[in-house]
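As a starting point, one isolated chain is supplied in structure tokens, in the form predicted on its own.
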């Protein structure tokens, strides 16, 4: 199987040059010799080192030395939470995930960015992304990754088995997958269900696609009583154990593994693919399915449910404990700037952060398939916003894995999940 694994370990970039001072507003001034430490996850679409090179360019232009710690998302999540919980001070720029907004705000961990951001940036970036990383009228994060997922499929594999269009419902996907398996395909799909927060993403997307809810509008757990949530888990258990249309390696697979299996032609469906998968699948140096991939017009959903795709935007933020906030802001401003955003989109196919780039002729000419995203992107939905999200995600995947292994029934697993979540919520409200 061909690999295009993203960076698995930390990469330190220490690049010291002369510093360009920054001023204006309430921003503290920088001084010669400034150094910042940046902790970010590896971008799932950046297999060419674009962001690393951009960091080098930033140092060359500003003279600010950057130690870039670039790791897998789950490792970054563990480091960020551990550092801030212990009082912070290790990092100047950190990953700020959409699921952490409530927790970080409640703990007063981040520097508000309203006095730093220019009016041009505030009005030019996608407003929904800025709103996602705001709380109580203050802005705490600047997006760096507009990560929305889309249902993609291998049209050639489907056509070879007599299917002229992709499934729209999970029932249709099951029927097609069984036929594809009978015709020799190992599995209909692989998903990423590791006992990590990334696994919680995929389980949440599945629940949404069945019309289910894990929490009500007041943030109270309802997964133990919602019949549609139960139906989603029953489908996952069935697909892994009974029909076996899902690769059992899904239980430990990360996102890159799911992509590698798909672009090797061993599965037909990529349930929650990021935009760059289309580009990777058509790169002959990476893929065995060149000219076979297609983007569905409709995201998978259960009969009677609305289609949903998961949106997982990520931002950069400055901890209040940073000792060099001005230099940290310069890095954020540079990495999320419009010109670099366009360069990044042209280089790796990432969805832009700036509104006007969606009609930029250079981008629409290079990526005409972006038009296919329109049928799904209007139905994007984010993760639950909980003060205790990281703890909840761990509990969710512990219970999910017991259900997947059939050491608990779905009914028992969801009841236990709700009980544990109610106890967890109580810790934060009492």
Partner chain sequence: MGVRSAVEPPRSGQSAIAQWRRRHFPQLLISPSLLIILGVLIIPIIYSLVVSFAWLNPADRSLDFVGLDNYQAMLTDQSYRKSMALTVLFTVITVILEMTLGIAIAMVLNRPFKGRGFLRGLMILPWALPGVVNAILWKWIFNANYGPLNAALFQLGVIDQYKVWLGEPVSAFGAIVIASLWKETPYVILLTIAALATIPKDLYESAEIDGAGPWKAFWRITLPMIRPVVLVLLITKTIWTVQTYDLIYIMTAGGPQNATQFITLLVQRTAFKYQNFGTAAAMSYSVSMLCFFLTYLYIKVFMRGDDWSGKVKQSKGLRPKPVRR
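Since this is a predicted model, take the numbers as computed values, not measurements. Positions refer to the first chain, counted from 1.
What comes next is about the form predicted in complex with its partner chain, which does not appear here.
Establish, in the predicted bound form, whether 75, 261 and 405 all lie within 4.5 Å of its partner chain, using non-hydrogen atoms for the distance. Yes, all three are in contact.
Do residue 190 and its partner chain share at least one heavy atom pair within 4.5 Å in the predicted bound form? Looking in the predicted bound form, residue contacts with its partner chain include residue 190, since a heavy atom lies within 4.5 Å.
Does residue 350 make contact with its partner chain in the predicted bound form, using a 4.5 Å heavy atom cut-off? Residue 350: no, not in contact with its partner chain in the predicted bound form.
Residue 109, heavy atom within 4.5 angstroms of its partner chain in the predicted bound form: Because a heavy atom of residue 109 falls inside 4.5 Å of its partner chain in the predicted bound form, the answer is yes.
Contact with its partner chain in the predicted bound form for residue 401, defined as at least one heavy atom pair within 4.5 Å: yes or no? Residue-level check for residue 401: yes, a contact with its partner chain.
Which residue among 248, 211, 219, 265 has a heavy atom within 4.5 angstroms of its partner chain in the predicted bound form? Answer to the contact question: 248.
Within 4.5 Å, heavy atoms only, which of 324, 257, 134, 292 is in contact with its partner chain in the predicted bound form? None of the others qualify; the residue that does is 257.
Heavy atom contact within 4.5 Å of its partner chain in the predicted bound form, the stretch among 353-361, 154-162, 79-87, 224-232: Heavy-atom contact with the partner occurs in 79-87.
Do any residues of 169-199 have a non-hydrogen atom within 4.5 angstroms of its partner chain in the predicted bound form? If so, which ones, in sequence order? Residues within 4.5 Å: 187, 190, 195, 196, 197.
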